[in-house]
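Just one chain is shown here, as structure tokens, and it is the form predicted on its own.
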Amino acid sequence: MKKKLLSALLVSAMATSAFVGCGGAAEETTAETGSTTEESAEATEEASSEDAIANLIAATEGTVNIELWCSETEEYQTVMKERCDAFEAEYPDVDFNITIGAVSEADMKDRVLEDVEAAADVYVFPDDQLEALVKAGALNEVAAQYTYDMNETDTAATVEAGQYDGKQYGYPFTASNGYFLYYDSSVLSEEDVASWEALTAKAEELGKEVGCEVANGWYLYGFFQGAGCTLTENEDQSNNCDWNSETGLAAAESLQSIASSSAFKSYGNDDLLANLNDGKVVAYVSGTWNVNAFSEAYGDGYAATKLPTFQVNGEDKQMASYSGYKFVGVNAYAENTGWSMLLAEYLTNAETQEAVYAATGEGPSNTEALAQASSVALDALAAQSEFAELQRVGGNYWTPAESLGKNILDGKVSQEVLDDAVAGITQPVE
């Protein structure tokens, strides 16, 4: 059991002088107008935040232990270590012991909920995990900030996605958690990558591979949504789904036809990277987390674009996608809540987001950092954003969707298969 009581005292020490940092003091000036008043309010806020941090430093005794969990990739581990070292240097009077664990962001919720009290003090997670983490009591509310105000520095959409029931729980970190199509422009033209039908035909001609991880609900959604089907989440985290409709059957048959091409592959990430490095894969659906792998593999031919269209009942349909954001959260059972909150702020400020972009290619949510970022992958993500939706789906979706994807790949599409999949996706939450 971690020392939640001590953490609460530290938070109280911060809150006493600030109530707080960025935002609270401004309300006291609403009856006044003019630049002098605004400047005074800003100065008061800054002083209050500095006082809160000074109080925390004064109240700190012994070593401050903080455990951070973030992506297992080498790029992430390296850049987060550099930023944690910089954080420690920011407060030379405090003895820190910050350790970094490698946990896939896709698995973060499950790892945290295995034992919330034993989980990391600070962790990086995607926005679709927010609700479950909040309901499990695994996130500390961000009731105040001390070094920046996310409402002024980050995109409004990202800030909003970090909220639940009107309260902020996530510190905005990245705004590029979506997918699009990478391709090698030295062998594929813009016309080749415009549709799945053209893409698979060209890949067959070249004797190369293209594809998308169909046996994964995150990507499978794009075909059914693009065809005009619906998948939504209810308040009790159950789902509504009409993929067994006439349109759904047509979409599944279309995808089955695409996947029947000898050039089409449905690789998981590890298999994708292995075949990419072998020169077999010339186009694949993925995200910014693989930007370095694709740019190195394709060299001068490195390119990316929105997802291809596909034909349903003779009409071209634009493949849709999920979009999303990543956040840094503080565990409600953090051993040192005050310092964990300050570390979370540091790992999400403009300077860190610029460093993460440079290391990983992931797009910043901080508007200042975003203005500095420009890349083929981010341009492709922006082009796909018109056809993307925030991922909001209940937990009963994933396993039936994976099974449906496997059936499609195996050429087993039928009304019965779709009915079974929808029955699983929409089953009540126990």
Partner chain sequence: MKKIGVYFKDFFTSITKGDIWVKLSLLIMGAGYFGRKQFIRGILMTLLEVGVLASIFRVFAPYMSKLSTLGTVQREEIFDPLTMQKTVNDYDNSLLILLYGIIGILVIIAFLALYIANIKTVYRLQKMQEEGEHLSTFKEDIVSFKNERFHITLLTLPSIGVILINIIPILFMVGIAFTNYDENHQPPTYLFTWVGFKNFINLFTTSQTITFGYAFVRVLVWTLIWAVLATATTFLGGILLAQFINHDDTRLKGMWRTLFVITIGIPQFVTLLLISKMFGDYGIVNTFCENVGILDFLKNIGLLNAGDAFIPFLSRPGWAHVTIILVNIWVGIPYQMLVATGILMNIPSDQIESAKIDGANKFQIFWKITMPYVMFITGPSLIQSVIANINNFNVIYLLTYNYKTTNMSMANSHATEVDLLITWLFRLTNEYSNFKMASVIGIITFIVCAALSLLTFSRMIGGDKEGVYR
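Remember, predicted model here, so these are calculated numbers, not experimental data. Positions refer to the first chain, counted from 1.
Keep in mind that the form predicted in complex with the partner chain is missing from the display, and what follows is about it.
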Only one of 353-361, 285-293, 316-324, 262-270 has heavy atoms within 4.5 Å of the partner chain in the model of the complex; I'd like to know which.
262-270
Would you mind picking the one in Ala102, Ala136, Ala157, Ala89 that has a heavy atom within 4.5 Å of the partner chain in the model of the complex?
Ala136
Picking from Ala175, Met341, Leu199, Ala251, the single residue whose non-hydrogen atoms come within 4.5 angstroms of the partner chain in the model of the complex is Met341
Spell out, yes or no, whether the shortest heavy atom distance between Tyr76 and the partner chain in the model of the complex is within 4.5 Å.
no
Using a 4.5 angstroms cut-off on non-hydrogen atoms, would Gly62 count as touching the partner chain in the model of the complex?
no
Given that the partner chain is not shown alongside this chain, does Ser403 nevertheless sit within 4.5 Å of it in the model of the complex, heavy atom to heavy atom?
yes
How about Met150: is it within 4.5 Å of the partner chain in the model of the complex, going by heavy atoms?
no
In the model of the complex, does every one of Ala144, Asn407 and Asp410 come within 4.5 Å of the partner chain, counting any heavy atom?
yes
What are the residues of 206-240, in order along the chain, with a heavy atom within 4.5 Å of the partner chain in the model of the complex?
Glu213, Ala215, Gln237
